[in-house]
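Just the one chain here, laid out as structure tokens, in the form predicted on its own.
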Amino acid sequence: MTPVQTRGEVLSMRRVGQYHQLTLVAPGVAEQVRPGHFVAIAVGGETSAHLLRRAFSVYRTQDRGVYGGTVDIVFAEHGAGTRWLSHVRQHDVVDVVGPLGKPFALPKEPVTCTMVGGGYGSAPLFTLAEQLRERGCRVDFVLGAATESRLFGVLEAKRMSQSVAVTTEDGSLGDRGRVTDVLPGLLERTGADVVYACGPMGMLSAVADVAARFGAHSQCAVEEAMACGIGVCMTCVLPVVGDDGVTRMVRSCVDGPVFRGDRVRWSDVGTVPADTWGAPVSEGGH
């Protein structure tokens, strides 16, 4: 994979519940994307004071022939940058870099897989589910959000999976509660081998814990702030345990965003644990 920087033309922008779905012509990017990759988009226009790009998981890609491939992203308005992006229109041009990061790992043999998505974080799970089914895997979904309008992809999930469990915190659709309220029952019923998850960090931590209790391997796409997307700025580091048992501060953008759920020290995210390789040593060596 070789990341490409290109000026992508906007094909469409539409509302999906409380979210926006943007389709860009991004030749050289779309052709390389695998589920779990993300793109970094410049926001605010050429004269903008917004210097930092915004990172977005790729929802879907499609081959558009002579015009190059297209990339779809799904996002919510969180600040000035995403507010600007939500107002781009057909034929506008935006600067995009991608694909970035390390994608989800696919099993070599048919296994039972559970997809867990929180809000629009579920976007990269649908292409992943299609590729898993092509490999003969069973696929089940658990989709959750605060309210019905913040869910994403419920109907799409129903078309491609054995079962779909939906949770909303206010009970407006599906079961009242969170994804981890229904996940244990699903894992027990299906005997899932792998859990793929994407969503808020608190959800990922809880999902990884449930998966471990049921003996399932988990892969989590983290949502850390990524200012550069290429491993330079070090704003997206988090503590992860390596194969040698040593904790290191790794960069979500290049070492992730997909990590083994049992390797991330979720309770220490946002800190540098004292036993981390290279951590500062206090006076007196204690």
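All of these numbers come straight from a predicted model, not from anything done at the bench. Heads up: residue numbers just count along the shown sequence, starting at 1.
Although it is not shown, the form predicted together with a small molecule is what the next lines describe.
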(message) Just to be sure I understand the contacts: of T82, Q162, S149, Q131, which is the one whose heavy atoms reach within 4.5 angstroms of the small molecule in the predicted bound form?
(response) T82
(message) Please identify the residue among R53, H217, R34, R60 with any heavy atom within 4.5 Å of the small molecule in the predicted bound form.
(response) R53
(request) Answer for F75 alone: is it within 4.5 Å of the small molecule in the predicted bound form, judged on heavy atom distances? (result) yes
(request) Give a yes/no on whether A225 approaches the small molecule to within 4.5 Å in the predicted bound form, heavy atoms considered. (result) yes
(message) Given that the small molecule is not shown alongside this chain, does F141 nevertheless sit within 4.5 Å of it in the predicted bound form, heavy atom to heavy atom?
(response) no
(request) Verify the contact flag for G261: yes if a non-hydrogen atom of it lies within 4.5 Å of a non-hydrogen atom of the small molecule in the predicted bound form, no if not. (result) no
